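Presented as structure tokens, the chain that follows is alone, the form predicted on its own.
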Amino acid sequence: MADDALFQFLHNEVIQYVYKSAENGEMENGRCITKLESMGFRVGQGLIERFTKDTARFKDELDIMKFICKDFWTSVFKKQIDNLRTNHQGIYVLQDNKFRLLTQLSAGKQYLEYAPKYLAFTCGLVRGGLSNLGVKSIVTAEVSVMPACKFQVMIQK
């Protein structure tokens, strides 16, 4: 349980650091989300390399997405994705009804405008993992009621 608290604390401190840097003029304020996403991308690449070193090759992109939803998500967030949907045309929606990085903020719509900065790192995490598995993608997140969120993965052909 201690590693959960450490991960959440580190995540919060990274967000605060990036946004404080923007306030101090070290970077533009609009680049904060991009910076967090690129940090997540690099971490995702490293983690997926570690998690897949002893697994068999994946048959198709659906198998890759199932791996992300089960094994990858469980390793990082200690639970599986609650729902995976696809239109079988390269768009996948991963739904987490109790996303761990948002549970500390609020339950409801009170702090909804702050959610994107807490989701950027995770979007990069997923995109980096997929990238290292040979799947080029765009990952976005949306929150309508916290702490539930949906990650939309669009596979680039």
Partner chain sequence: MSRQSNRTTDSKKMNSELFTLTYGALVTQLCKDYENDEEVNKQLDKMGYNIGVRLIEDFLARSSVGRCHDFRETADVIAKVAFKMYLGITPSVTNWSPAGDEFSLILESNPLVDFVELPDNHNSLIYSNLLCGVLRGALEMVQMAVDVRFAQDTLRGDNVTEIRMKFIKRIEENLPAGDE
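Note that the structure is predicted; figures quoted are calculated from it, not measured. Residue numbers count along the first chain shown, from 1.
Below, we turn to the form predicted in complex with its partner chain, even though it does not appear here.
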{"item": "Its partner chain in the model of the complex: contacted by all of K66, F99 and E142, heavy atom 4.5 Å", "value": "no"}
{"item": "Stretch in contact in the model of the complex with its partner chain, which is absent here, among 109-117, 86-94, 38-46, 58-66 (heavy atoms within 4.5 Å)", "value": "38-46"}
{"item": "Heavy atom of D71 within 4.5 Å of its partner chain in the model of the complex", "value": "yes"}
{"item": "Partner contact for K20 in the model of the complex: its partner chain, 4.5 angstroms, heavy atom", "value": "yes"}
{"item": "4.5 Å heavy atom contact, K79 to its partner chain in the model of the complex", "value": "no"}
{"item": "Close approach of V14 to its partner chain in the model of the complex, 4.5 Å, heavy atom", "value": "yes"}
